[in-house]
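Just one chain follows, in the form predicted on its own, and it is written as structure tokens.
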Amino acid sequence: MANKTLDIIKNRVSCRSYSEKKVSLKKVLQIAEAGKFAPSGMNRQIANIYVVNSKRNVEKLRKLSLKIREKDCMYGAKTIILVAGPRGDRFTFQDCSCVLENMFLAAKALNIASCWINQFDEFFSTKEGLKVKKSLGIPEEYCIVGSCALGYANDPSALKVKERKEDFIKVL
């Protein structure tokens, strides 16, 4: 008997080429809501979710990417969800990573393509990046653990699950 949740987990892949079609805000908020229910160390819920959905703000992020990396690290996505927490807290990376994973799985369940983007903390450490970070209302002392690019794949048939190494699981 198939299990829908396990199928979603096993078939989620990263998309690196998005179409011009934008995901509805309703679906984006459903995805963000899934992140809200991720596990949290000692239930402190220190992760914060920043939905960057306006064309103006998405373009600010894209311009940073183009300036610093000389490429669009968002692959043309029209929505980015940044996940951040207090820099230096012992649970920030774990909590934010759980939030991100919940959002990636929710996106897959809604037939929305996604990709983990890691570069924003680096981008926000620049002079120009700090201005953008401030304009988005993200506290300066927060680090961006990762972000979730959302959209519709340019070529859904190109999204293939990659093989996993054989010795990944060890039973002790």
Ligand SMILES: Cc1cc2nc3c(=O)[nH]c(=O)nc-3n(C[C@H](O)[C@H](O)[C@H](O)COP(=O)(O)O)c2cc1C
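Start at 1 and count along the sequence shown; that's the residue number. All values reported here derive from a predicted model rather than from experimental measurement.
What follows is about the form predicted together with this ligand, which we do not show.
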| request: Run the contact test on Lys21, Asn53 and Asn154 with a 4.5 Å heavy atom cut-off to this ligand in the predicted bound form and return yes or no. | output: no
| 130 to 138, 55 to 63, 114 to 122, 22 to 30: which one contacts this ligand in the predicted bound form at 4.5 Å, heavy atom to heavy atom? | 114 to 122
| query | Does Ser14 reach this ligand in the predicted bound form, with heavy atoms at most 4.5 Å apart? | reply | yes
| note | Taking this ligand in the predicted bound form and a 4.5 Å non-hydrogen atom cutoff, the residues of 141 to 172 making contact are Lys162, Arg164
